[in-house]
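Coming up is one lone chain in structure tokens, specifically the form predicted on its own.
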């Protein structure tokens, strides 16, 4: 669960979020809005990548400003461009790298890497140079790496923007099938049908919040008139 309590945020003199109060308990939550509306800032506030200028954000009860380490243990973040997250030369090494903070025995690391390669269809790419994967495979690797530590909440900032239609579908199917709570910032409105809740951010405020069909319809009317 994530809570926003009267949260505002500024970049310099520019307000990006204004007095947002939300309680996010649903399993699959979408966040939509125009470019520059504040939706990516909202996602980054959820796990402490960005700190509120005022108000409080809680992730699984942990204050994102004062309890950063605890927040990072219960949340994972997947960025739009997987190349910013892939750190190691090969696929298997990149997955194993995610486990370094846990200081697990080598046998347990190998077991978890094998399981994740299988789960994400990357077995045949174990020793493949990670940055030479296709766009869809890179995004799946980025998701798999984040999930290695089994966070309770996974945040996605426009995870399908750089993908073609086939890979958008593949990645979103993976995201929707996760057992964790997910919060997905996206411009791909057609991918939200199976979500439990969609929040529209406009000019730094919550403009609509409800079932996917209702929120998306409101957004289309807002933008298109």
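Note that the coordinates shown come from a computational prediction; the quantities given were computed from them, not determined experimentally. Residue numbers count along the first chain shown, from 1.
Below, we turn to the form predicted in complex with a small molecule, even though it does not appear here.
Just give me the single entry in 181, 174, 160, 40 that has a non-hydrogen atom within 4.5 angstroms of the small molecule in the model of the complex. Flagged contact: 40.
Which one, 22 to 30, 40 to 48, 161 to 169, 60 to 68, holds residues whose non-hydrogen atoms are within 4.5 Å of the small molecule in the model of the complex? That would be 40 to 48.
Considering non-hydrogen atoms and a 4.5 Å limit, does the small molecule approach residue 36 in the model of the complex? Yes, residue 36 sits close enough to the small molecule in the model of the complex that at least one of its heavy atoms falls within 4.5 Å.
Given that the small molecule is not shown alongside this chain, does residue 16 nevertheless sit within 4.5 Å of it in the model of the complex, heavy atom to heavy atom? So residue 16 counts as contacting the small molecule.
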